[in-house]
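First, one chain by itself: the form predicted alone, in structure tokens.
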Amino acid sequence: MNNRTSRIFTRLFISLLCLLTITGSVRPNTVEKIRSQGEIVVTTRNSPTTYFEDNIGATGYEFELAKAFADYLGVNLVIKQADNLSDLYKDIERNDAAFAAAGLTITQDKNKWVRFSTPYMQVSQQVIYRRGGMRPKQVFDLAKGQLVVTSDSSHALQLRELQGRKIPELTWSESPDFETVELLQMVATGEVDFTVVDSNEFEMLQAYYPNLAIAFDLTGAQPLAWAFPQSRDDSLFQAAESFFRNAQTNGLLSEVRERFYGHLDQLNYVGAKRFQKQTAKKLNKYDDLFQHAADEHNLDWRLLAAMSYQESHWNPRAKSFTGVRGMMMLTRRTAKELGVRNRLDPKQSIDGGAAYLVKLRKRLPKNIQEPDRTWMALAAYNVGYGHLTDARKLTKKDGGDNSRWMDVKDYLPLLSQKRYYKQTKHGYARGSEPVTYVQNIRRYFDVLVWNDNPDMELALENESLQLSADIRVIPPLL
């Protein structure tokens, strides 16, 4: 072999070696792996503000956001439930989950171990006490009663900071086994004096515990975010950042927040106590009728029960000044249209109300998706389909999205103002009433759903939740 041929072979060999080296070193990043697998595993907690399963399937604020992110990536969502916060962070460290979506507060302590996404909600830590019990008026009063929180939480970290900076005599108990529901239940039954929970959690659960109240905010606004593993491969983290930017601009964040939190202020202390009392006293007399009507019309029986409570407080002989009557407060005209002969008969009224709701829901344009479709059908049930259509037209004219309840509900009240209703086909309407009507039903529905949840029912029925064997007492620094 001459020198020229030898040089050519040497160059080819070196080129091939470089090519193999380059191609061999290019490995798929995290996002590419997830897409090739067709699924993404997310770790979370089982709670009303994060993820839970109802008889109609999985739901929850964090679940819906994570599901939207999985759709953004074009993969299926797989939920991994962590037993406690410590296990949740371990899931990330061990790569047993791609990230955690569990209502996690960004803290300096956790920043050392995980990488937090762009915040998607602001909450404050709130001290909760029992009405009629010991009420702390300031942080120093926390040392006077029995206080319990969840281990490894931002609440436990905040108490440690208070103990070190201001209140060395402060003592409390903590356990990894306690979720918010258990903590609130212990305060509600008098087993402990106080607890600390995030404001969004108490906002969600307050209706189930009307004897609990907020003593004061322990902190100012704190950001909630998803937690990702610390890794040189930040492709998934960057994908999440892009997702949140899009969710902010396209209204997804606002839509999900309105769905889970937009109606929670409808039920005050008096209303919650009354609903709790009426549920225990009356609902079991009619739940079979609600179940039957729901099965017949492919509805959720608890939605019908919530409607009926809003309409008549489950009073078969209810009557309004406008002449509507019965459990579902049907007009004479609507009753005739639906074949209801006796509006005071509970079965006929409930069946008629269910049929009318379904009829209204079917009339709505196909581009209106659930749950907005049901909320708008409820509004039409209350104020009339024509007035709802007018409000939707005003919404669109003003640049809003008339397929979303969160936009339309802002325009319904305008139907009582002449400068707006003179632009409409059906004229004046008490537009604020259907908004209150729908938001109330949503809140009653939430309560009935959680009362029908086996885990929640167990927590609510237990008179006393025994402190966990894994509980740890934090002593004072004195």
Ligand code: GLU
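Quick note: we count residues from 1 along the sequence shown, nothing fancier. None of the values given here were measured: they were computed from a predicted structure.
Quick note: we don't show the form predicted in complex with this ligand, though the next part is all about it.
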Look at the stretches 246 to 254, 93 to 101, 206 to 214, 153 to 161 and give the one with heavy atoms within 4.5 Å of this ligand in the predicted bound form.
153 to 161
Tell me, yes or no, whether residue 126 is in contact with this ligand in the predicted bound form, where a contact means a heavy atom of each within 4.5 Å.
no
Residue 45: touches this ligand in the predicted bound form, heavy atom cutoff 4.5 angstroms:
yes
Is there any non-hydrogen atom of residue 201 lying within 4.5 Å of this ligand in the predicted bound form?
yes
Can you check whether residue 180 is within 4.5 Å of this ligand in the predicted bound form, heavy atom basis?
yes
Does each of 368, 395 and 408 have at least one heavy atom within 4.5 Å of this ligand in the predicted bound form?
no
If the cut-off is 4.5 angstroms on heavy atoms, which of these, 272, 170, 85, 186, is the one near this ligand in the predicted bound form?
85
Which residue among 224, 73, 335, 192 has a heavy atom within 4.5 angstroms of this ligand in the predicted bound form?
224
From first to last in sequence, which residues of 373 to 387 have any non-hydrogen atom within 4.5 angstroms of this ligand in the predicted bound form?
none
